[in-house]
Ligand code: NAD
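Below you'll find only one chain, the form predicted alone, shown as structure tokens.
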Amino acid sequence: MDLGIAGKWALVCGASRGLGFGCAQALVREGVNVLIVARREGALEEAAVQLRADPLRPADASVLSVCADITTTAGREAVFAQRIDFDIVVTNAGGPPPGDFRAWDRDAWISAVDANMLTPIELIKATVDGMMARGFGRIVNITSSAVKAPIDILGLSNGARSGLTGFVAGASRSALAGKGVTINNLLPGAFDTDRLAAIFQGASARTGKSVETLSEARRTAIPAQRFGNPAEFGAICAFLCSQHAGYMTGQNVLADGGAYPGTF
């Protein structure tokens, strides 16, 4: 299927690895020009090299990179100094650390809300007017399946990402929708990423169980009997960014292998 977005420009955050990289790769393969952002320069440049060398990348699809912390004002200024107009924005920030809510002070909560709620809102604010003027825009926020099924040790993420979800529910149904601009959230369940590995490591330290035991228990609890991979996540993201998804907005698209047990 031709997604109809070749030649568009996309900003993809947290794109040096994992789900962010999967999204950038899928978009590049569709002929989208991407500007990828991440904090770790070495990993970011490796990702850029890999994207440029991708045999499925059309020759005219550009790959730019900016090493910056997108959750800071300075980081966002560095990105927009490279380019201000984007047709596609994929917001993505590392999830807050797991733990016991009794241990989280105000600073921990402010950091979580800043990274996982306010930063996406700032990126939306900075780009939607240009999208509306051009008559096309796609914003995809990578959030978490915990928005639908909260996980007790991920309370910082549960709270901050739920706040973003509420904001998107309103903003996506504003005047943006009539100007060809959509905002959707993409909710990953258990994907084979460094984030999942870190969660298993933390759980192992708390419980004394091996990482292998914890990983196997989580995997077998998923109806699909496996963890997801970044490439298939990226393909879902690319579809949400496509011309074909123009009638979808304000949605929370869950990709979790069937783990969520609810009807709605």
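Sequential numbering from 1, following the sequence displayed. Since the model is a prediction, treat every value here as computed from it, not as a measurement.
We do not show the form predicted together with the ligand, though everything after this point is about it.
The candidate site formed by 8, 180 and 242 is entirely out of contact with the ligand in the predicted complex, as no residue has a non-hydrogen atom within 4.5 angstroms of it. Contact between residue 16 and the ligand in the predicted complex is found at the 4.5 Å heavy atom cutoff. Within 4.5 Å of some heavy atom of the ligand in the predicted complex lies at least one heavy atom of residue 143. In the predicted complex, the ligand lies within 4.5 Å of some heavy atom of residue 40.
Contact check for residue 191: a heavy atom falls within 4.5 Å of the ligand in the predicted complex.
Partner contacts here mean any heavy atom within 4.5 Å of the ligand in the predicted complex, and among 82-90, 163-171, 68-76, 104-112 they occur only in 68-76.
Shown without its partner, this chain lists 52, 226, 195, 206 as candidates; in the predicted complex, only 195 has a non-hydrogen atom within 4.5 angstroms of the ligand.
With contact defined as any non-hydrogen atom lying within 4.5 angstroms of the ligand in the predicted complex, 116 is the only contacting residue in 108-137.
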